[in-house]
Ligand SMILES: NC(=O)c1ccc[n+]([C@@H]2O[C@H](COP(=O)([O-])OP(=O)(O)OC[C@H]3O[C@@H](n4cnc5c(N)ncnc54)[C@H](OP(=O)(O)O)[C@@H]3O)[C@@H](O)[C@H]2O)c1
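Okay, so here's just one chain, in structure tokens, the form predicted on its own.
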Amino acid sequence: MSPTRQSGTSNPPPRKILVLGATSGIAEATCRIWATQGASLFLVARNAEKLAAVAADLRTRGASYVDTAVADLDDTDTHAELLAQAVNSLTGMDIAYLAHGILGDQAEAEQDFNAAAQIIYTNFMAPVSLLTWLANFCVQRHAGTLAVISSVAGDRGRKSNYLYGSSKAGLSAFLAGLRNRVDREGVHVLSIKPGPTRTAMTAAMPNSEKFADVDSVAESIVSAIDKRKDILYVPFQWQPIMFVIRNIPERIFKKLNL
């Protein structure tokens, strides 16, 4: 799809933002905020039709530049070429926002290793590949933000979603180590840990109507990036909730129906 630029100048210049997994509910809501700020956006997702619709919407909301690429982010062999294309299209990069991931089917994954491996690969291995390239790009320039959606589910394994949770635990640990490595190089790494959020991905889950509002979650993410926070629990109450859950003794925790 050909990019669109809008005439006019701004001070400071629009931020250049790469969005990986751009058709996810949280990513789309976040991009709507950035579009109203006049950001330049490069969007990557696997569903061409939905990606085109998201891009068109962001243009109407005020994005100064929108370009897209249709790609399966599980295909790690294509990452270097894809990311170089994105950076060239944006003529640089201020923020890389990674929202690629799947919930998977816990019950199926308990019985079928291939289903389990797919969850781990999509939520951990593919992001590690993307972030390795992106981190090295940012370190060379001593600038940039890597904002990555993990999950509160990664803070402690629970029987209801331990495959998804373990993949996010690995991602959170990777981000912590990466932050420790690149912070001294001027690169900001934000670990985003949402609780259950109302999106298309969670619509079929029980009590999804009680989940967090996706637009409020997006506003918190944009604010955390702007404030250069290290870790964001969103909504905020998940930070004390997970503190308690992490500190329940194992002899008690293993008997809980979580």
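Nothing here was measured: the structure is a model prediction, and the numbers come from that model. Note that residue numbering follows the sequence shown and begins at 1.
If you look for the form predicted in complex with the named molecule, you will not find it shown, but the lines that follow are about it.
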item: Contact residue in the model of the complex, chosen from 87, 125, 182, 71 - any heavy atom within 4.5 Å of the named molecule; value: 71
item: In the model of the complex, the residue from 26, 190, 58, 39 that sits within 4.5 Å of the named molecule by heavy atoms; value: 26
item: Heavy atom of residue 199 within 4.5 Å of the named molecule in the model of the complex; value: yes
item: The named molecule contact in the model of the complex: residue 50, any heavy atom under 4.5 Å; value: yes
item: Touches the named molecule in the model of the complex: residue 228 (any heavy atom, 4.5 Å); value: no
item: Contact of residue 99 with the named molecule in the model of the complex (heavy atom, 4.5 Å); value: yes
item: Options 160-168, 139-147, 174-182, 109-117; stretch whose heavy atom lies within 4.5 Å of the named molecule in the model of the complex; value: 160-168
